[in-house]
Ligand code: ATP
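Starting off, we have a lone chain in the form predicted alone, written out as structure tokens.
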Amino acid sequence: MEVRAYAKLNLTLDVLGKRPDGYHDLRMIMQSIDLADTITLEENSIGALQVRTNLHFLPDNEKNLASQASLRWWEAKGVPPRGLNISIDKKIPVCAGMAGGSSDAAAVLRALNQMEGDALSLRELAKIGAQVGSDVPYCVLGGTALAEGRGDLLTPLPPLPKCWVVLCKPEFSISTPALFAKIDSVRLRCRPDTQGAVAALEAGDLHGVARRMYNVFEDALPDHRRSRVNDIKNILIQCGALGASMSGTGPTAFGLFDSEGCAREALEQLRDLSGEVFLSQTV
């Protein structure tokens, strides 16, 4: 079976505080885009779980989230693991704030469920996914959703009106644990208007959503990294983006466009910067 694992963006991302369990309470609007990895699952006769990717530096053992997802699936079903080959063709940038690994894990859960005749509901799959990672439940459901708690409390939202998305991941990566450790001591410049963005989604107002996008983790970036993200956002806005923000803990910055021509102009301008640049659409 072959399935697609869609990247996610954070249209808003707010950190509400630290929890007693050491995690943080989050409130954010998540959105799927058609930039995707391709996952192929094939049963094998040797009884082993094998993972292969097109990127040599990614783990090919149980440290890979796709592998972990399959193990949690069999555990939930109460059956021993079977022989399975998982092949991942990566297109989503790694360590980019777009849940590439979590999306792969979610795609494996959906695929195994289909191979078993849709034995479990999406909500049940999301519960299994929470054992693998905080973003996996959202990636199981996809689309447009409000995520709260650790990111695992999900409320489906009206879909974001169809638009073009231009993304640029700079040539560096960001440590997610380091940003979470820092966010509690950072003075935040502002917070996203998540409730206003939800109301704009309910009204089908793309411009209203774009105006309210913000990610508090931008304030926790080291100065030289924040400057680079801001450079990308400025290019996007100058080319006609309705709004621009950073996704997750970064460093990928993106802009929403209602004009394909403006989106392609931004794509070309961003190619002059170091990093990976993509033109995508919402799903």
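In this text the structure is predicted, and so the values were computed from the model without any measurement. Counting begins at 1, following the sequence as shown.
The form predicted together with the named molecule exists for this protein as well; it is not shown, and the discussion that follows is about that form.
Asks: Under a 4.5 Å heavy atom criterion, is A99 part of the interface with the named molecule in the predicted complex?
Replies: It does: once the named molecule is placed as it appears in the predicted complex, A99 has a heavy atom within 4.5 Å of it.
Asks: Is N64 one of the residues lying within 4.5 Å of the named molecule in the predicted complex, judged by heavy atom distances?
Replies: Close contact exists here: in the predicted complex, N64 approaches the named molecule to within 4.5 Å, heavy atoms only.
Asks: Whether P59 contacts the named molecule in the predicted complex should be assessed with a 4.5 Å heavy atom distance threshold; does it?
Replies: So P59 counts as contacting the named molecule.
Asks: Taking heavy atoms only, is P93 within 4.5 angstroms of the named molecule in the predicted complex?
Replies: Answer yes; at least one heavy atom of P93 falls within 4.5 Å of the named molecule in the predicted complex.
Asks: Using a 4.5 Å cut on heavy atoms, which of A210, A200, L125, I88 is close to the named molecule in the predicted complex?
Replies: Exactly one listed residue reaches within 4.5 Å, namely I88.
Asks: Quick check on this chain: which one of Q114, S121, T155, T176 has a heavy atom within 4.5 Å of the named molecule in the predicted complex?
Replies: Result of the distance check: T176.
Asks: If contact means any heavy atom within 4.5 Å, which of 101-109, 190-198, 69-77, 142-150 contacts the named molecule in the predicted complex?
Replies: That would be 101-109.
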